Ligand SMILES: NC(=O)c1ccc[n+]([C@@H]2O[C@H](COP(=O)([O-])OP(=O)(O)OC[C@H]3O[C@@H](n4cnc5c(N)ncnc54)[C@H](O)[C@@H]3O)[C@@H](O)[C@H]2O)c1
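Here we start with a single chain on its own, the form predicted on its own, put down as structure tokens.
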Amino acid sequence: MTRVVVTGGSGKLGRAVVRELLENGYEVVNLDRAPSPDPEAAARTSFVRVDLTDYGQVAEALTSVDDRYSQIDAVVHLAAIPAPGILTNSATFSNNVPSSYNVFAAAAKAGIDNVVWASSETVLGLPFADSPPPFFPVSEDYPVRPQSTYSLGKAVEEEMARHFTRWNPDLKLIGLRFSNVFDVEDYAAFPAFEQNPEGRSWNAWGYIDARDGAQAVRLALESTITGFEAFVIAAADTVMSTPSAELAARYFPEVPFTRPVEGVETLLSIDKAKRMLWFSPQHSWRDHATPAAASVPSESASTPTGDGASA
């Protein structure tokens, strides 16, 4: 059985990742500041309270902890201040970036060559209202463009990962640029988004079901990829019932399309994740909405063409 450390396993995405790994035969160790509120997961995992900003604690946690375990095979690093504005800018950066460095460095010292961590859609330039993307669907094919201290930290983490894998060609460091994570109970609010489409334009109306985010983590762990890779991870659809091309034409009229987008297809490209990780989102908010809310009420729009101009 493969033993996987999940940092932040008590959080929203962390709980889904822990469940996904347990259901697929992994042994899981949860490193967090508080135990998981999920009683089933808590009963089936080892919990160790760790301050990830302390390298010594991280190094110990990735090797052995008395009465808990003596070896770690892989690491999923999710623990972080999860968004801008929760703490001051310096506090966010001072927590997130050193924590990721400590995980990457301690894993390398421990001989753990399989690390998957949570990057963020924010490195794509969010909010898009302030910094429109160069094209739709948004993909990994342009340099990161952080617009906040939180996003800057994620960009620094990706650059660190690039060099850790340059130093050790056998190392795998996969950064998953998760879109806005939602649980099933959050979907009751989705129909109201239709009343204010502009309010969700900040990330091109993207989201990810926590269960599909967990699937992406497992697939990344199981991938034979080596080196650093980053992947956009989003649902197959948007949070809206209005066709995606119509939304883009209304709110980002000068942003060109690189390929057609059908219906309510996501504007955050998951093509790379599908191709390299075999990622296939299985869940949609529409599965939990009334038929009227999940329908497409407006006329479809063709994909814009031409040379037009985000935990």
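Each residue number is its position in the shown sequence, starting from 1. In this text, all values refer to a predicted model and were calculated from it rather than measured experimentally.
The same protein has a further form, the form predicted in complex with the ligand, not shown here; the description that follows concerns it.
Contact check at 4.5 Å (heavy atoms) against the ligand in the predicted complex: all three of D32, V50 and A118 pass. Site annotation in the predicted complex: the residue of V232, V103, A214, A79 reaching within 4.5 Å of the ligand with a heavy atom is A79.
When the ligand is considered in the predicted complex, S99 lines it closely, a heavy atom lying within 4.5 Å.
When the ligand is considered in the predicted complex, V181 lines it closely, a heavy atom lying within 4.5 Å.
The closest heavy atom approach of H288 to the ligand in the predicted complex falls outside 4.5 Å. At least one heavy atom of L13 is located within 4.5 Å of the ligand in the predicted complex. Just one listed stretch, out of 118-126, 217-225, 160-168, 137-145, contacts the ligand in the predicted complex at the 4.5 Å heavy atom level, and that stretch is 118-126. Residues Y150, K154 are the members of 139-162 with a non-hydrogen atom no more than 4.5 angstroms from the ligand in the predicted complex.
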